[in-house]
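First comes one chain, alone, set out as structure tokens in the form predicted on its own.
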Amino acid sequence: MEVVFRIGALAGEGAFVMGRTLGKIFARAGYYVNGYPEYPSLVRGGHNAYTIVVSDKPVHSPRQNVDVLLAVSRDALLFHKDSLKDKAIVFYSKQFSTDGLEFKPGVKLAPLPISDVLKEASAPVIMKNVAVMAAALSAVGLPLSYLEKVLEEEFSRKGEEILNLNKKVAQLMYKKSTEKAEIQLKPVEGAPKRIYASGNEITALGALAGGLGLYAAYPMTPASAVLHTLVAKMEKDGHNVVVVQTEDEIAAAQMAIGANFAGVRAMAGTSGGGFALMTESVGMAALAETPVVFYVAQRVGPSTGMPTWTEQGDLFQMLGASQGEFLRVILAPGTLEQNYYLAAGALNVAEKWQLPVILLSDKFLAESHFTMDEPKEQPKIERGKLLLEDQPELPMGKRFHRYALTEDGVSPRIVPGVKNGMHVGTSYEHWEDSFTTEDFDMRKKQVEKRLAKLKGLYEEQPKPTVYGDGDITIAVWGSQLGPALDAQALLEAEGIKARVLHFSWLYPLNPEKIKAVWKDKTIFFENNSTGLFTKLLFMETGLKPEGKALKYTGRPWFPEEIAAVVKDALKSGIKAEVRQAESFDKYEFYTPWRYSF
């Protein structure tokens, strides 16, 4: 059982607030929920949309087509009419004209008396969104008490008068809205309590659980919500974390590295454009062997590109950040649970192996909302060879061997202030005692020492995760796990079995662990135009999928699209390359004047 809602509104009319609120309500009613926001890159104006998928089974991604459209603005009727299912319901103000708009024959138009309700309740226009949400709950038969509870949580601080006025608007519209959806959503008895949050929010919580002490960032869509979440946790919940909005991305990277040098677990956050400014710092951390984690949420590039849309186009930027050769680790979560545990795990990997770690997300995963069970286990904190106790006194003229040549490539690490641990953290090549050198033999030894970490990283790397089984494999990395899992469910409903292979550890790649789960008849789905991870996989392991499917429109893969590619492959054979074209909602979300209606 599944119902798909879409809210369409002018920017500033509250589409995202309504979406998050309804998503929270459906989650509290015991359902699995995904909420997916879309908006153009405008300071003011344009069209915003928020798609909500509600299901009695786990749901991991948005859908192309919708059952219930909540058109807060008239533009929404135009922008989303082509994505309506055959028997969809369209709620809109009865003041909106539908002249010039053609809907599918089975679509039910349900004009709402919003102005009448507001007038009857003596309520301001700003409360129209409460009326629309009440109509949505009435359509699927969910008790109004769920909305009233949220209103109490939101408006109690504003006083009884405001709260009661919102409730009155909701009650009036709930009664007056009589159109019912085919699927009714009754509260699920005994359902566990689930979190409803975005990838950014859970990344922040995972980092805190992993011992984060400092987060430095310059705001950049779509990574900014990590900054906002951590500030809220610092100010409201008393978490012992320092959050700094720096003057630019260079300062953020340097501050995070400096904090780690001092023994504080620290991260810097940004998107691809900001990371471009951080890359010199990545190399400095690598040579100084100072642990640091960079959280990077990808968006459409190059340059400014389409900054509020999604893509997996920055992988090679992460691989090539800074000059020279050095190890780094790249991790890419695919679910909220992976966001949580990989955020904590990234801090562990950085400290254990004393190198830069990049936690690579994207707009789709970072800003979408999902339901998630509360974490059952707290992440373990592993600090590696960190020395916090005073060291034995050294002979005159000797320094602590911060860069001692070790078999596993990891040297003892000490923080400033620890007695007899004096050393320099430098961007220059160095002797074991940290003094700068251009000695050729020591250069060779230090390079080989740092490269020796690869063996341990190979052991630490988990195998790619396999979901289900079947004759054909849907392979993905990072955020596209959600659409792949939902496509797998769609195919299974049609009697087609497919396995999903997911990579969350992107680099370095252990060939043996990947070959252990690799099968023939594999199609790799990527959210970019050249198959970046497919190239990296071949470079590192020699493995090559029979086919790759690429999408680069600014939207993620939708499960319907993945299922269609798989069915075509089973029918006509796997094609070497499939480039996916957009198939719905072809209107640009800037302004409606481009279109005649």
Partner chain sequence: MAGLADFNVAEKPQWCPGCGDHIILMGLKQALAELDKEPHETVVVSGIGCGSKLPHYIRTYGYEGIHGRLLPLAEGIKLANHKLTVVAVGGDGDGLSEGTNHFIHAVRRNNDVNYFVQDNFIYALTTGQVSPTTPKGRKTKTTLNGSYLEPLHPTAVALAAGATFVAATFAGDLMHMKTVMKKAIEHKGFAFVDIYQPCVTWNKNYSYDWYKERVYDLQKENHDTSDWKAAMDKAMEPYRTKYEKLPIGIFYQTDKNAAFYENLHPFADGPLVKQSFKRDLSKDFEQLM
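Numbering follows the first chain given and starts at 1. Just so we're clear, the structure is a prediction, and the values are computed from it rather than from any experiment.
In what follows, reference is made to the form predicted in complex with the partner chain, a form of this protein that is not presented.
*asked:* To verify the annotation, which of these, Glu152, Glu179, Asp248, Asp471, has a non-hydrogen atom within 4.5 Å of the partner chain in the predicted bound form?
replied: That would be Asp248.
Exercise. Let me know the one among Pro464, Pro113, Gly273, Gly211 whose heavy atoms come within 4.5 Å of the partner chain in the predicted bound form, would you?
Key: Going through each option in turn, the one that passes is Gly211.
ask   = Just one of 180 to 188, 77 to 85, 391 to 399, 485 to 493 has heavy atoms within 4.5 Å of the partner chain in the predicted bound form; which?
value = Going by heavy atoms within 4.5 Å, the stretch is 391 to 399.
Judged by heavy atoms and a 4.5 Å cut-off, are Tyr39, Gly320 and Arg450 together in contact with the partner chain in the predicted bound form? The answer is no; none of Tyr39, Gly320 and Arg450 reaches the partner chain.
TODO: Evaluate Gly106 for contact with the partner chain in the predicted bound form, applying a 4.5 angstroms cut-off between non-hydrogen atoms, and reply yes or no.
DONE: No, Gly106 stays farther than 4.5 Å from the partner chain in the predicted bound form.
Q: Mark Gln378 yes when one of its heavy atoms lies within 4.5 Å of a heavy atom of the partner chain in the predicted bound form, and no otherwise.
A: Gln378: contacts the partner chain in the predicted bound form.
Might Glu374 be said to contact the partner chain in the predicted bound form, defining contact as any heavy atom within 4.5 Å?
Yes.
_Check Glu280 for me: does it contact the partner chain in the predicted bound form (non-hydrogen atoms, 4.5 angstroms)?_
The answer is yes: Glu280 has a heavy atom within 4.5 Å of the partner chain.
Residues in 392 to 424 with any heavy atom within 4.5 Å of the partner chain in the predicted bound form
The stretch 392 to 424, when checked against the partner chain in the predicted bound form, contributes Leu394, Pro395, Met396, Gly397, Lys398, Arg399, Ile414, Val415, Pro416, Gly417, Val418, Lys419, Asn420, Gly421, Met422, His423, Val424 at the 4.5 Å heavy-atom cut-off.
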